[in-house]
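What follows is a single chain, given as structure tokens, in the form predicted alone.
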């Protein structure tokens, strides 16, 4: 059963969520947007463009404590799994699709129990993009990730003076059943939903020339292309693209010991394949020494390796890596270069 909610009742809805959950929502900060834990409906900025960091960081945080130990008694070591009930709300389809990818990757054996516990404790409320959030440097439409078909409990579509709310899961149903401002959707609401989705098609345009289904194959044929050396000369290996990417999940671990040298803890520190030391092994060798090799690896990881493993691209086309690259490296330009060979 789908429902609708009037715009004027959304603040009440958020306020009611706050009484039961930690609520993570898009908020404005210094002219940009971030996902942050809110305390009041007034903090929410539902009409946002791409946030600096993706919402998946609330499911897969940096510096996460994984276990605690006692140096005098190694048998006392115990895992730490922290998973508060939380709602991630007003999530764009590209970021929902990124969470779907992370769900698959991190559920593979050995499963990431910390991520999966936090995922199970989280409610996802999606928010439909009726137009591109930016004019360029995104390729969600090229990849079909501007639409999310799963990975959420509720999904809001703006119909003008009200939202159409697609109720997908039992958790979503439990939420809407609890509040009388949700009204069962009728035939007129459904027709209006079809109309706004038809109109949505006019706003999106392709960024990459050619058939995206061929991208993985074309990239493999371009393994020795000059584009990697050209982009490698620009890259400063800062790792910003890794930090803002909603599907980068590589990490290192570090132990922290208390000053008394008795107790300590192990933490997950997010790592990045574009950093110079990422591929350096214990004997000192570095099997991706040049920036060109690292840039190529990152593109291949998203478009070749993950696609072979899971049958889908690992890049959702959000454009964060382009926006935050201080060297102005663009995967759109890389894709157009190889597709034009």
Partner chain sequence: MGEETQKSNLVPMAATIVGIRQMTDKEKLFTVRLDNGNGFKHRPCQFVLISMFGIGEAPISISSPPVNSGNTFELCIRSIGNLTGAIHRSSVNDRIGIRGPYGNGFPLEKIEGKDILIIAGGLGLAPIRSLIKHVLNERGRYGRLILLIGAKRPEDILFKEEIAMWEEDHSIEMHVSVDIAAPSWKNHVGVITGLFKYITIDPLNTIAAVVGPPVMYRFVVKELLAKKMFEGNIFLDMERRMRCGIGKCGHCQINGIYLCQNGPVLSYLEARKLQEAL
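The model shown is predicted, which means the values in this text are computed figures rather than measured ones. We call the rigid core the largest set of C-alpha positions that still match within 1.5 Å between the two forms. Numbering follows the first chain given and starts at 1.
Below: the form predicted together with the partner chain, not depicted.
Taking the partner from elsewhere, residue 279 is found to have a heavy atom lying within 4.5 Å of the partner chain in the predicted complex. Contact check for residue 309: a heavy atom falls within 4.5 Å of the partner chain in the predicted complex. Using a 4.5 Å cutoff between non-hydrogen atoms, residue 234 does not count as a contact of the partner chain in the predicted complex.
At the 4.5 Å threshold, heavy atoms of residue 114 reach the partner chain in the predicted complex.
Only one segment in the set 293-301, 45-53, 311-319, 24-32 has any non-hydrogen atom within 4.5 angstroms of the partner chain in the predicted complex, and it is 293-301. Interface residue among 71, 214, 194, 130, judged by heavy atoms within 4.5 Å of the partner chain in the predicted complex: 71. The contact with the partner chain in the predicted complex, taken as any heavy atom within 4.5 Å, belongs to 121 out of 243, 121, 183, 173. Proximity of 67, 223 and 250 to the partner chain in the predicted complex is complete: all three residues have a non-hydrogen atom within 4.5 angstroms. Core-superposed comparison between this form and the one not shown: the Cα of residue 257 travels 2 Å or more.
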